[in-house]
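Only one chain is shown below, in structure tokens, and it's the form predicted alone.
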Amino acid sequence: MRAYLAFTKKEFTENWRTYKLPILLVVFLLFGMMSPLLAKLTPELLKSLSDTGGVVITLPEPTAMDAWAQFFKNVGQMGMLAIIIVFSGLMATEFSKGTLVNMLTKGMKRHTVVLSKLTAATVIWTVSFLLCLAVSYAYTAYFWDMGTLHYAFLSFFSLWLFGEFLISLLIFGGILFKSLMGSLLFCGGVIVAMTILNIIPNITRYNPSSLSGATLELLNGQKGLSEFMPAFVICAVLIIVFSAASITLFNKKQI
């Protein structure tokens, strides 16, 4: 336990010194501000353009749900890309630099390394996501009546869960290929495969990728809880599977 806490502390310190933590906080803070502001200002910008260009553009008044649509779009796309870029070297850099050799030869368990890195990345992702959500909620509540949010906790938690899924993929890919590029390609390959699977009718309700944006339809009440629970459960199971597989694989890998 002492080794786990010490190595986790080392991960937080390293993420701070390499600016990964500040970068993610700033990026998600901006996403939290941008989502309601874009929903609020876009109609005004289009109206001003139509006034100068002679083309009449009529848009409905923006609502709180428009802000949440921007939130899911920003975090579900650009936010996930930021996670992939920042955490792609979680394990890969340890192999390339050879920094684990001394610690492992001195008796530190290999599973401690994987769990510490997963813990640090999870905490950083969670704090960044909650900051983004809190700022977006505050701005949205300021501009509009929030109205009814259906299954709000599950909608936002699903988006967070998909981010956690990406982290587990990056760790597994980094151990499997022992390189930054391998980690990125593995994660990207899984995402592309899930995207292609969405072509198959009725596969979306089982596909974890639906949690990165389609849960807006859960929030606004267009779809029911039963349509998202299979993807939610499968995503949670895959996180556990990839995390366990990372530990098993790392125990067999030559450093």
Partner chain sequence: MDILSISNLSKSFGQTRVIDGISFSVPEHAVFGFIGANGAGKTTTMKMILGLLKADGGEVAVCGEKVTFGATKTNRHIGYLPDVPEFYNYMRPKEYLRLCGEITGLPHTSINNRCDELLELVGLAGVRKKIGGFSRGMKQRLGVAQALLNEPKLLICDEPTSALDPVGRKEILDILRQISRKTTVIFSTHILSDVERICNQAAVLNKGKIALAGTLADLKARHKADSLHIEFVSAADKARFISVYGLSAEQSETGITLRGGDIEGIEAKALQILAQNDILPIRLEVAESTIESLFLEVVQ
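Residue numbers count along the first chain shown, from 1. Source: prediction; values computed, not measured.
Just so you know, the form predicted in complex with its partner chain exists too; it's not on screen, but the next bit is about it.
| task | Considering only heavy atoms, tell me if residue 147 and its partner chain come within 4.5 Å of each other in the predicted complex. | result | No - in the predicted complex, heavy atoms of residue 147 and its partner chain never come within 4.5 Å of each other.
| query | Taking heavy atoms and a 4.5 Å cut-off, does residue 164 contact its partner chain in the predicted complex? | reply | Result no; residue 164 lies far from its partner chain in the predicted complex.
| its partner chain contact at residue 110 in the predicted complex, heavy atom, 4.5 Å | Close contact exists here: in the predicted complex, residue 110 approaches its partner chain to within 4.5 Å, heavy atoms only.
| Closest heavy atom of residue 101 to its partner chain in the predicted complex, within 4.5 Å or not? | Residue 101: contacts its partner chain in the predicted complex.
| task | Quick one: name the residues from 219-255 with any non-hydrogen atom within 4.5 angstroms of its partner chain in the predicted complex. | result | Going through 219-255 in order - heavy atoms within 4.5 Å of its partner chain in the predicted complex - the hits are 251, 252, 253, 254, 255.
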